[in-house]
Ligand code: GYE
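To begin, one chain is listed below as structure tokens, in the form predicted alone.
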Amino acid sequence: MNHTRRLTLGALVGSALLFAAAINGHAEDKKITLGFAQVGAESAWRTANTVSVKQAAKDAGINLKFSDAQQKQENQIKAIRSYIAQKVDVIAFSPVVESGWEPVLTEAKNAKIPVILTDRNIDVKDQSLYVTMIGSDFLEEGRRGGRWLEERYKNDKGPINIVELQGTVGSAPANDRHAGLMEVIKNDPKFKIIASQSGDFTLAGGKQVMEAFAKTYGKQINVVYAHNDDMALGAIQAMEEAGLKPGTDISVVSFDATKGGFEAMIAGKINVDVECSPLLGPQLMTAVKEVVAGKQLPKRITTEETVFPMSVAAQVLPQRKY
């Protein structure tokens, strides 16, 4: 009888230990859930960014809830509120514009859900509303485009007439790529921006704006300063249809350094492409894991980037991932 009782007791203890181990294992296996609110799919750059985020989440074993805002701030705010309601572990988003985020991010803060910005920054008084921002230095990108122009036209007395195809109005890259250019050329009177309009970072938008510029200014244009490759490619179509020669008669400065941009450089139609890498997924997932683990992150994590003149395009293109 005692022997039987000992066996039963042993079995119970064993079962309890197994149950505890299973509970503990489940806790360890609990996946981090990340809510990611993407700007949209307005460009080849953004598509590559989305692929990078989705693949990196899969590789890192992170449960990703993904939404596409179709370039509308109200859609992003709805998505963030939805993630708060679902009690995700971390929220990340690439903001459509810089301002207007305080109310929804205060809701996330009150729900104790950390927020990470990717690709674009926001303008908020309370910096504690987000943990970190991962992405490019758009102001420095603009300076790089401006420095290339200074070098290109250093022996030219001018005037050098620039038409600017701006990105989405109010977005960080549009604001900063313009400001970076102005910072470099402001003290050089030969450079003049004769027209500036938003093409919303899209190929169709770039083409439409450039058609209007070509009609108004024609051969007076010396430089097209396009805030991304998609708009530059649209502008190239419009220039060629108007009988203008991009890359020869008109210098084309572009941003992102996508495969499409490289192909246009090889064809002699974009003169320089300032890199802006969309492959932010792995950096984001590392940050998500560190935030959940309670680690302190720097407020700004900048991606390493460079500038590609037309002369290196053919050599570099085979290594491009986007």
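Worth saying up front: this structure is predicted, and the values here are computed from it rather than measured. Position 1 is the first residue in the sequence shown; the rest follow in order.
Just so you know, the form predicted in complex with the ligand exists too; it's not on screen, but the next bit is about it.
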Review point. Could you tell me if D256 has a non-hydrogen atom within 4.5 Å of the ligand in the predicted bound form?
Key: yes
Check your understanding: Given that the partner is absent here, does R46 sit within 4.5 Å of the ligand in the predicted bound form, heavy atoms only?
Key -> yes
Check your understanding: Can F93 be called a contact residue for the ligand in the predicted bound form at 4.5 Å between heavy atoms?
Key -> no
Point to revise | C276 within 4.5 Å of the ligand in the predicted bound form, heavy atoms | key: yes
Review point. Ok, G234, G145, P173, P246: which has a heavy atom sitting within 4.5 Å of the ligand in the predicted bound form?
Key: P173
Study note, to complete from the structure: Picking from W101, F138, F213, Y130, the single residue whose non-hydrogen atoms come within 4.5 angstroms of the ligand in the predicted bound form is F138
Point to revise | Location of the ligand contact in the predicted bound form, chosen stretch of 119-127, 158-166, 203-211, 101-109 [non-hydrogen atom, 4.5 Å] | key: 119-127
Check your understanding: Since the partner is left out here, which residues of 277-291 would have a heavy atom within 4.5 Å of the ligand in the predicted bound form?
Key -> none
